[in-house]
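Consider the single chain below, provided in structure tokens and representing the form predicted alone.
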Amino acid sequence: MRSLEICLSPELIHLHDLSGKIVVVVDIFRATSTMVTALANGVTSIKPVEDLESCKSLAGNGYVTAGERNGKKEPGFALGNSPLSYLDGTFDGVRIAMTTTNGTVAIERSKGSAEEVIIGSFLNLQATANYLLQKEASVLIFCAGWKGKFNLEDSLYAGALAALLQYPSDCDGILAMETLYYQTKEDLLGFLKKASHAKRLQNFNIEEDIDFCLTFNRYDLIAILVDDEIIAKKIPTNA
């Protein structure tokens, strides 16, 4: 029987058994939202890299590099971590190597024992749910959090996905986040603008990124890790 659970931080992932499960990694503000947007706008693939120097070394070796730490673009990288950077199609046909404060760390810690690793965002929430409902595997939603700490936006995504899947669960985190999602979904943007990471990003005057990342179902694709690179797979949202 399929089941659903949540890992609220990369620091807790060792408590979960990933074998045979589909892991949905989510970093709403902003890594996974940026990855989904990049793929939806023509990027060929994204190579997630945990550390800055390894990522930077890929520049000129078939990749355009994107580097972010603490919400800001790192020196020496072509791109930071904004989904808006990809909307004009400039990077159509390009491969991106990306490292971020939280999201790429969670992806790295998912690899190996999971059945599949896919990338979650509100931007492709329904497509992700449709894909999972076609599969027989149990699902673990892996929240990137903030430097090992719990955050609201990733965990509320888990609640939103749980509401669509309706899988059996004995995970208190799923119960809590699904309940909170139902209570806040009519003004999710207003609620999440109070969240700590949203406030950090607001300090950098990138409210547009926050608004964009909280857009539901803009894209009808999933982002899936294949051979250490994330690629897009088209999924009809009315399936």
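Note that this is a predicted model, so its numbers are computed, not measured. Residue numbers run from 1 along the displayed sequence.
From this point on, the text means the form predicted together with another copy of the chain, which you will not see here.
Among Leu52, Leu189, Leu180, Ala59, the residue placing a heavy atom within 4.5 Å of another copy of the chain in the model of the complex is Leu180.
Using a 4.5 angstroms threshold between heavy atoms, Ala195 counts as touching another copy of the chain in the model of the complex. Interface membership of Lys149, defined by any non-hydrogen atom within 4.5 Å of another copy of the chain in the model of the complex, is confirmed. In the model of the complex, none of the heavy atoms of Val226 sits within 4.5 Å of a heavy atom of another copy of the chain. Heavy atoms of Ala232 never reach within 4.5 Å of another copy of the chain in the model of the complex, leaving it off the interface. Note on the interface: of 170-178, 64-72, 33-41, 206-214, the segment with non-hydrogen atoms within 4.5 angstroms of another copy of the chain in the model of the complex is 170-178. For the partner-free chain shown, Ser9, Glu11, Leu12, His14, Leu15, His16 of 9-39 come within 4.5 angstroms of another copy of the chain in the model of the complex, judged by any non-hydrogen atom.
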